[in-house]
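This text opens with one protein chain seen in two forms, each one given by itself as C-alpha cells under the names structure 1 and structure 2.
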Structure 1
C-alpha cells in the first residue's frame, strides 16, 4: 500500500536515505513540525469562536471555555501545546549542540533555529493577551513595559499596541500577529530551516551505515509524536485545560505572572532590584548572543563532546541557570502565603465572573461589566453609590433596606413595630419624638402630629394582621397573593389604616403615604425620584433627598429593579451580588 502511495505522490524511485542510520535523537525536529501543525489546527478551532475586541474578547473565550463541548480541551491543548513547543525546541537545541551540528557548514541551519526559537516565544506572547482576562492583560502590560525600555522601545510599543494604550486596536493587532503573521513567518523560516538541514544531511551518529528515512526514521518520528501528544493530553486533562481569569479590569490590582517559560526572567528581575530594566533586556540578549555566537566561537573540526567541553559547559551552565531561576520563581510564589490568599480570591472572582457570563451573558458594554448582568446587579451598584450610607451601613440614619425588603415577613415586622431600629427608629420621625411629646401641651402643639411616627399595630387580631399584610404584599405585584386574605385586608385597611393612608390612585393620604403599588417597581421609581411628594412622605417628614435629578432615568429604574429584587432575595443572594 505504501508503495502505491509513494508512486502516486511521485516519490517512487530511490528513497531518501539517512546517513548513519535512524535514531531517536533526530525526532525533535519532526515533533516540532507536528506540534506547530497541531497548534494551527487547534488555533483554527479557537479562531472560529474568538472575537478580537475589548468588549467581546473575554466573553467569547468564556463562551468557548464554559459553553461548548470540548472547547476547554481545545483551548487547553492550544495553550499547553505552545509550552510543549518551547520544551521540544529546547531539546532539539540541546541535541543539536551536543551533536556539534552547528559547525561548518551548518551554521545557517543553527542560526535559523535560534531565530525560530525566539519567534516562537514571541508568538506565544502575542497569544497570551488575546483572552483579555486579568492574567493576559496585566502580563501584556508588563511585557510591553519591558520592551519599551529597549532600543526603539516606544516605537515598538506603539506599533504593537496600535496607538497609545491597550484597546480594540491592540487586540486586532495581536490577533493579526498571532493568527496571520507569525504562522506565515515561522512557517516560511521553518521550511527554510528544514530544507537547508536536509541538504546538509544529519551529522551521522554511526559511521558506515545508511538507511531509508521512510520507514526507519519515520516510525521513530511517529512514535515520538504519539508520545508528545499523549503527554500533552495528559497535562491538559490533569490541569483541566487552562485557566481563564476574570475579565481585564484596569482598576483592579492583580498578581500577573508571565508564561512559565518567562519565569526565569521574572525571577531575575526580582533579584536585580533597581537594575531590573537593564537585566530584563540584557539577559535574553546574552542568552541569544551566546547561541548565535556558538558556531563562531567553537570552530574546531572535532564534534567529539570531550573536545568541546568549555562550549557545551557554557550552554549547560546557561540552561541550568535558567532552570534554577525558574524553580526559584515558582518556589518564591509557593512560599508566599499572602499571594496564595490573593490568588485564591482571584480564582473565586474568576469563577463568579464565568458563572455570570454563562447564566446571564456578557453585557455588550464588555467583559468588565459582566458583574452587572445578574438580576439586581445594576441597581445594586447605583444603590451602593447613592443609598447604602443611609440605608444599609452600620451608621445608617434611615430604615434598613436589605434582602427580604417588602416581603410578607417584612410587612409584618414593620406593622408590629414601625419605630423599631430596622424601620423608622433612627429617623427624625422617631428621634424627635420627645420633642413632639413636649410640644403636645404647648402653643407648638399644631406641629406635633406632623412628627408622629406610625403607631404599632400590635393589638390587631392575628387574622386581621394576616389580611392587611396580604393586602400590602399584593401591592408589590407579587404573583403568589392569597386573594381571599387580600379582600379581607381591604376591610381591615378601611377600619385601621385609612385615617392616614390611601389605597386609591393619586389620592393624598391624611398624614401617611399613599400605599397603592407599595413595593412595586413603579412605586419605588417614583418614590426614589421624589420622596417628599405629598403622595409619599410629604415635604416635612423625611430627610431623604430627591433623586429625580441626581440619578439618570436608567439608574433610577435600576434601583427600582434592585428594590423589587430584594423582596425575594436571600442574604446569600445579596452577598453573591457583592462578589467575592
Structure 2
C-alpha cells in the first residue's frame, strides 16, 4: 500500500524539462490557478463592503452595486469569474481525459481534480445566497430541500440553516463556508493537485521532444490568462455586471432558477415529476461515480484515443446529455410566456427596490422594508393597517382618500358636491338625513339625529368658486398659491362660509369645523388624534374613532406626512408605495 501511494504521489521535485515541448494544450491548469487567485482578490474587495446579516446583507450588496465606484464591475467579475472557473475546469477535465492523463500512475492527480471541481461548484452555491435577494434566497431553499431528501439530509439542513428556517445564523454559516472554509480547502487541495501533477510531469502531446518550462510555456500560460481575463471582462461589461433581485421575502413567491451549471439537473427534475428528489440525488452520483471510476475502468496501458473509445464515448455521452438538458431548460423558460411576464414583473420590482435604496437608503429593519424608505411609505403602511377599510376599500363608509386628496381639483369637487359618493355620501351625515327629515315636526323628532350635511356651493359664480378654492388650498401650506385669488377668497368666505366655519386659530366654528390649516401636516396630525374635538367635527358629528391612544406619535406623524404627500401624488406614485 505504501509503495502504491508513493508511486501515485510521484518522485520528489518537479521535472526540469517539459515532455512534448511547450503547447497551449497545457495552459488550462495555469488559467485555473489564475482565475482562483483573481476570484480571491475580488472576493476580498467585496468582503470590505458586505455585512452577513438578514438586515444588512441586501443593503450592503445594493450599495456596492449602485453607489460604489466600479462596485458593479468587481461584483460582476466575481460572479462570472465563478462560472469561468467551471468552464475552464470542464475543459481541463476533457483535455486530461482525451490525453489519457488519468491513467496509472496519475490516478491521484485525476481524483484530486474531480474533487476540486465538485468543491468549486459547491463553493459557488454557498455564495449565491449571500446576496439575500429573492433569486439567491429561493434558489437556496430549493437546493437545501433537495439535500434534505438525501442521506443525512436533515442534519445537513440543520447545520446549514442553524435553526428551523433561514435567518442570521444561516447567512453567517454560508458566509463562513464561502469566505473561510472553502478558500482553505480549495487552496490546500489545489496546491496538492499542482504539486503531484508537476511531479509526474505533463502527458506529452508530441513524442520525442522536450523543452524547459520557462520561458516558452510560461509565455503561453500568460497569454492564455490574459485572453481569459479579457473574455471575462467582455462578458461582465456586455451583461452590465450581474443582476440583483428584490430583497429576500419569504411571503412573496419567486421563480427560482439555479446557477447555469445546475440547469441540467433542474431540467432533469422537471422531467422526473414525482421522482424529482430521487433523480436529483442519483444523477450527480452517477456522473461523479463515472468520473471517479474512470481510471479504474480504463486500465489498459495505451493512451491512444482509438484504444479508449468506449470510455471516452461514455464521457462524451454524459457531457452531451448534460449539455442537451441545459439547453432544454433554457428553451423551456424562453417559451413560457407567463414566466416571462412574472420575470419582467420581478425585474421591475427589483429596479424599484434598488432605486429606493439608492435614493433613500435601506431602513435599519432590513432590505425587506426598503419599500418604507420612500416619502409617504411608512404613512401608507399605517394608513393601510388602520384606515384603508373606511377610506379606500370598495365597501368604505367614509370619504375616499387617494391620490390628489387635498389639491385644487379635490377642493372644487368637494365644494360642488360635499354629499357626493367621494365625500360625505356614505357617512352618517348623509345616510341619516332622510330619517331626520321624516321625523321632523313629529313626536319622534327628539329621536332624530341632529345632523345636516354641508350644502353644495354651486350658486357661486366661477370666479368666486376659484377664489374660495384658492383660499382653502392655501391652508395646506402649498407654495404655489395665487395671492390675488386667495385675497379674493377671504371676502367670499366671509360672505358665504363664516356662518358655519372659522379661519382663526383655536376658535370653534358655528356648526362646522375650523378650517385654518386645513390639509396641512399639523392639521392632519391633530385631526387623526381626535376628530371629535370641537375645533373639528365635534362629538356629535364625527363617527371616526380617535387614534391618539391607538397610534404612537410617530405613526400619527407618518400618516400626516402621507396625507400631505397625497396632494401631489399620482395613482402611479400611490401604486409604487405598495411595494412588490
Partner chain sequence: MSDPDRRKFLSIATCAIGGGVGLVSVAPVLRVILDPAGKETVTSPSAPLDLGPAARFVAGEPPRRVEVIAPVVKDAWTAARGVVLGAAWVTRIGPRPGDVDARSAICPHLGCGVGYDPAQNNYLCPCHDSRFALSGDVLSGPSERGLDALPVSVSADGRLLLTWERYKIGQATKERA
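In this text, the rigid core denotes the largest set of C-alpha atoms whose superposition between the two forms falls within 1.5 Å. Numbering follows the first chain given and starts at 1. Just so you know, these numbers come straight off a predicted model, no measurement behind them.
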Structure identified as the form predicted on its own: 2
Rigid core superposition, residue 385 Cα moves 2 angstroms or more between the two structures: yes
Residue shift check between the two structures, rigid core fit, residue 420 Cα at least 2 Å: yes
Angle, in °, that the smaller rigid part sweeps relative to the larger one between the two structures: 16
Cα displacement of residue 516 between the two structures, core-superposed (Å): 3.7
